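Encoded as structure tokens, the following chain is the form predicted alone, with no partner shown.
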Amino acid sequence: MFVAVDENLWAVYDAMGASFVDHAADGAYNAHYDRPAVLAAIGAVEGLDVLDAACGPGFYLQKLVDAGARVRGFDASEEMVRLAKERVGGEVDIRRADLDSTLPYDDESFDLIVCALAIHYSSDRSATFGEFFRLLRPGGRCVVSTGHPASDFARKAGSYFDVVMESDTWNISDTESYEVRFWREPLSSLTAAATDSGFVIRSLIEPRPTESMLERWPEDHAELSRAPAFLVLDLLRLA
């Protein structure tokens, strides 16, 4: 089954539903590449007010709760919100909202914002980073992961410096494929969207694959050891 979704960029997650959970729970790129890198960048969260922005089915929400954070989350997909609530129960406030809108939280409500593999669905990354800046307290951090611009360029060709809508086909099971659309932009554009919103870049991380990937996905491990597929931005609001 191949599904092409012609609505907003996150509508495909409603279509994927629980199949995405099965795909991401222990998949090479989600569970053994992105999540270890992002969680390492986040560090200790006990006692912090944390927002999981575009929380998906709640993998990060659960990790953050288990680590002692006071967590809230949102996602644009109604199905992902449902699945996230199912995962963490009633202990977390999870809402339906999207990265292209004013977010339903007060100014300076959070110590940390996590946005994993989602900023590329925002049609205006500068506005989204501006919202994240608004929601953070002075001294707060924003940890964002996304596709590496160089990797996306190598796969898609064209001009590296273009800001363009791209699409990938995700084969999330033996019988299910989905067209997933996202924004591709150069690294200078992405980082400017963050710094022009007021953030300081604490670090830019190009993850290496975990050893847990090696035995089960040796080809992916070899490729990610040669060149990164994702990057992580660790951003700071100074004042």
Ligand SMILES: C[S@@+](CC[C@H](N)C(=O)[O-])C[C@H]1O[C@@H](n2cnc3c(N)ncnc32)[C@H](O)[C@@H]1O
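Start at 1 and count along the sequence shown; that's the residue number. None of the values given here were measured: they were computed from a predicted structure.
One more form of this protein should be noted, the form predicted in complex with the ligand, which is absent from this view; the next part is about it.
Asks: Determine which one of 112-120, 133-141, 159-167, 85-93 lies within 4.5 Å of the ligand in the predicted bound form, judging by heavy atom distances; exactly one does.
Replies: Partner-contacting stretch among the options: 112-120.
Asks: Please run the contact check for residue 60 against the ligand in the predicted bound form: heavy atoms, 4.5 angstroms, yes or no?
Replies: Residue 60: yes, in contact with the ligand in the predicted bound form.
Asks: Is residue 152 close enough to the ligand in the predicted bound form to count, meaning some heavy atom within 4.5 Å?
Replies: No.
Asks: Quick one: is residue 56 in contact with the ligand in the predicted bound form, heavy atoms, 4.5 Å cut-off?
Replies: Yes.
Asks: Just checking whether residue 127 would be counted as a contact of the ligand in the predicted bound form - the rule being heavy atoms within 4.5 angstroms.
Replies: Judged by the heavy-atom cut-off of 4.5 Å, residue 127 is well away from the ligand in the predicted bound form.
Asks: Since the partner is left out here, which residues of 60-99 would have a heavy atom within 4.5 Å of the ligand in the predicted bound form?
Replies: Going through 60-99 in order - heavy atoms within 4.5 Å of the ligand in the predicted bound form - the hits are 60, 74, 75, 76, 77, 80, 97, 98, 99.
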